[in-house]
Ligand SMILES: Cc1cc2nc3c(=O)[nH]c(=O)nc-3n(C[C@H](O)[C@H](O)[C@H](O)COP(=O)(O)O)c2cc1C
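The chain below stands alone, shown as C-alpha cells; this is the form predicted alone.
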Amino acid sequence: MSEFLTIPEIIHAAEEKLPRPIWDFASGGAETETTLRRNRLAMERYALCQRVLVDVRKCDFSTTFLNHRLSIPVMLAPVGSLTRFAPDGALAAARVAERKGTIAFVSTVSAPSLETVAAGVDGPAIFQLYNYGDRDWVKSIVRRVENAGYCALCLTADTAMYGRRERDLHNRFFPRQVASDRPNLADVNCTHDEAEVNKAGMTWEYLAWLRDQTRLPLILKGVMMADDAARAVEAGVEAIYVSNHGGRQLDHGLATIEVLPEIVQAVAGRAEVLVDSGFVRGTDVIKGLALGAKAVAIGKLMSWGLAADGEAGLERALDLLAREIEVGMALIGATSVAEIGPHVIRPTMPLG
C-alpha cells in the first residue's frame, strides 16, 4: 500500500512521474481554463457548519446508487485513455473500485475491452457511451454491455464538439489521433469525421431512441441546466450526472456545484443525482452530498492516483478521501450520509 499521507502528496507524485504532455492532458481544461478554475473557486463559496456535543464515535458514510451499496459516497468517473496512467487502464480502476466497495464507470474510449473489464471484477460497473457509430453500431455495443453484465448505461451528452484544450495544443499532443488502444471501437462503422457528426447530431429524439434499446438503468452525463435535467427524467432517465467534463469542454462555463441545487430541485426525487468536476477533497464530497447529490465521482484524482503508484496509489487516494469524509462528518455532527443536508453548509466569501 502506498504510504502517501495526504492527497496533495499523491498529486505531486503524479506530476513528478508523468511526462509533461500526459500531465497536462490529465490536468488541463478548455481554452483559458476558466471553467476548470471555477470548479475549485465555487467549492470555496460554501463553508461547513461545525456542530458540537454529538456522539460521533461511529460515522457511517456508506450510501447507495441505483440500488447498489457504496461503502464510500465516491465513484470513479469515466476517463478514456487510462492506460496512460496504469498499464491495465480501466481494469485497474475497476479492480480498485471493487476492493473499496464502490463503482467504476468504464469509458467507450478506454482499454481493455468492456468485456475484459467486466470479466475481471465481480462487483458492479457502469458503461459510459460515446455516440461514435451509427445506430446499428450503438445497438451492437449496447448488446455487448448487457451481455457483459454491466449494471447501468451512461450516455455522455456534452461532447457535441470536442473542447479546445490548449495545453494539449501547445504540447502538440493530439490524444484522439495518437490513441491506438481503443478496443471498444474496433468494429465502429464510421470514420472519425462521421463520428464527430454523429455526436454533434444527438438530440432528445436520440435519447428517447436509446432509452428504448435497453432495460438497463440509463444515466445522462453532462447535464448542467435544470430544465435539461427535468426533461431527461421525463424521457425515462434514472440518474442525472451533473458534469462539465472537468472543465475540459465549455470554457467560461458554470461550476457543477453552482448548478447542483437547482438540478436536484428540478429532478424532485424522480431520479438520482451524481456530480463530478473539481471534487478532490473529503470536504468537497460532503458539500456535494449536502446539496443533494447521491454520490460524487472523481476523474482527475483517479488518474493522478493511478499515475502516482498504480492501483495502490488509487486505493490510497480513496482511503484518504474516506478519512477526510469521516473527519468532516464528525465535526459537522453527522453520523450518516442521510444526516448531511443543506443545513450543514452556508454560502460564504471565497478566499481566492
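One-based numbering along the sequence shown. All figures in this text were calculated on a predicted structure; none of them were measured in a lab.
Beyond what is shown, the protein has a form predicted together with the named molecule; the following relates to that form.
The named molecule contact in the predicted bound form: residue 310, any heavy atom under 4.5 Å: No.
Close approach of residue 292 to the named molecule in the predicted bound form, 4.5 Å, heavy atom: It does not: once the named molecule is placed as it appears in the predicted bound form, residue 292 has no heavy atom within 4.5 Å of it.
4.5 Å heavy atom contact, residue 80 to the named molecule in the predicted bound form: Yes, residue 80 is a contact residue.
Residue 100, heavy atom within 4.5 angstroms of the named molecule in the predicted bound form: Outside the cut-off, so no.
Candidate from 73, 278, 89, 282 lying within 4.5 Å of the named molecule in the predicted bound form - any heavy atom: The residue from 73, 278, 89, 282 that makes the contact is 278.
The unique member of 38, 300, 287, 316 whose heavy atoms fall within 4.5 Å of the named molecule in the predicted bound form: Comparing distances to the named molecule in the predicted bound form, the residue within 4.5 Å is 300.
The named molecule in the predicted bound form: contacting segment from 210-218, 133-141, 186-194, 237-245, heavy atom within 4.5 Å: Going through the listed ranges, the match is 237-245.
Stretch 10-41: residues contacting the named molecule in the predicted bound form, 4.5 Å heavy atom cut-off: Heavy-atom contacts within 4.5 Å come from 25, 26.
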